[in-house]
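This document starts with one chain, in the form predicted alone, laid out as structure tokens.
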Amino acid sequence: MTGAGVEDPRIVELRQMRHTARQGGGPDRIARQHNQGKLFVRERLELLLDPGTFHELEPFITHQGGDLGLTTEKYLGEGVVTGYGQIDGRTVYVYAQDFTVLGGTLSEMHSRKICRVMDLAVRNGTPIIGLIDSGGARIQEGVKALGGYAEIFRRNAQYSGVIPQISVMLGPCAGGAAYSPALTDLIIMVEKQSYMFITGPAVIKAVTGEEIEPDALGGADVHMSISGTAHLSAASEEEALQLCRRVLGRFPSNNVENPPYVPPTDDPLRMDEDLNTLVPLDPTIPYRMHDVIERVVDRGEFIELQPRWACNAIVGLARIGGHSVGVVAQEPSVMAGVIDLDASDKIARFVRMCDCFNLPLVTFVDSPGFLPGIDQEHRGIIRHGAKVLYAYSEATVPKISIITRKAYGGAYVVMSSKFLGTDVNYAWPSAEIAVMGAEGAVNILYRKQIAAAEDPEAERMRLIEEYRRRFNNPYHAASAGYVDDIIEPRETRPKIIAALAALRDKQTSGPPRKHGNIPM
């Protein structure tokens, strides 16, 4: 029995238990984590969340049962820290795997903690962020660990498009565990520290005899430039976590909210005169679409996603006049801006993500068409290109398109054309909207006339110029209602901002259905 002024020993015990839980695998393992250049799990949470806002859930959970083949010591928290906090004053739920506890391996109880915060995030309409650093399934738990992963995967899929899900890869993510990040909206990786793969180096060596480093198999460089699995990368954990905070600021908390509006410091009526001279007079000379985007969006507010994969296409999050938007474009300085297999996948998935979270779509069009060739046809360019068509047709968010130069054939149709339901379509005076380029059209339409001419090449060039003057210009398309207006390039920013304001309360609905059947 305690007297006045004597602290209850149960409170002392609670403090000791909390201290133990916050130490993860203990000081030695934390030191080992630091020696590897990695932050401890709680240091990561401090960098991710606003100071003093984190509230932990289920810190005292341990593995259950004595026949798991584990040490008799039970680590409080089961190798994952879960809870909620704030980012820029907005509530988020988070789980962070602790590599100092049994390598962050996933067990039945570890999975239950993650599923618990995912469920809470959906019930409260807030984003969920996963900080991944795990050696995979805890082998000693066998099928229980596999069942735990399945529970997480199911929630990733069911909650997709309901709340934003972001995965920050801070260490390994091997085997089936990699499917959880792959199901989330965005993946951020740390260079030379995080990696994802299904079949690890040990298995590859056992099967083929080949030795391969984890980073070369599934590191940030691989997933940013070859596989297209990751969306952003950073040189350090600190940069990755700050990038996560910045990206999240572009998203609403859930699918029934509008994206956050930030009063712009950049003049909404600003016109950049350089835009009027950016597109070369010669249609064969490339230019950088990045230069267009950076001059139109609020200064410093464009975050490009997957910048090193399918570089002939550009996707990213931006603010224009303080409004959060998704930007899609072709990059004419890379492969002339043609649309190939990877570019199709990149654009389609991004458009659908924006549509999930009410982000208006601003599309800059300059593409001569889909990449021709046997390889593309055999690998399914029809199927992949149809994904873009499906995504834009399905999207109900405000859609604005600007044709800067070439909009030929199928590329015109799939890239947010007017008749796919795009709300406002602008064209620059340099726009060319046609079935194909003038050269190709003339070669087909006037083949006999050219062959019969005294100087076939001169006749061909004359016909090309005449065709371009008559048909490959925006006025011909505008006369048929294919664009809403032809604008000076410098007017693009204020025109988009005005359109976004006019479309703010857009409402649309399609026929009742369970879901569509996108060509996968």
Ligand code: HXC
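Computed from a predicted structure; not experimentally measured. We number the residues from 1 along the sequence you see.
The protein also exists as the form predicted in complex with the ligand; that form is not presented, and the subsequent description refers to it.
- Message: Partner absent here, but in the model of the complex, which of 122-130, 290-298, 144-152, 346-354 has residues with a heavy atom within 4.5 Å of the ligand?
- Response: After filtering at 4.5 Å, what remains is 144-152.
- Could you check which residue among 370, 251, 99, 93 gets a heavy atom within 4.5 Å of the ligand in the model of the complex? Selected residue: 99.
- Item | 135, 260, 268, 409 - the one with a heavy atom within 4.5 Å of the ligand in the model of the complex | In short, 135.
- Message: Is it the case that residue 495, even though its partner is missing from this view, gets within 4.5 Å of the ligand in the model of the complex, heavy atoms only?
- Response: Outside the cut-off, so no.
- With heavy atoms only and a cut-off of 4.5 Å, decide whether residue 140 touches the ligand in the model of the complex. The answer is yes: residue 140 has a heavy atom within 4.5 Å of the ligand.
- residue 29: heavy atom within 4.5 Å of the ligand in the model of the complex? Residue 29: contacts the ligand in the model of the complex.
- Any chance residue 161 has a heavy atom within 4.5 Å of the ligand in the model of the complex? Heavy-atom contact with the ligand at 4.5 Å: absent for residue 161.
- Neighbours of the ligand in the model of the complex among 163-200 [non-hydrogen atom within 4.5 angstroms]: The stretch 163-200, when checked against the ligand in the model of the complex, contributes 172, 174, 175, 176, 177 at the 4.5 Å heavy-atom cut-off.
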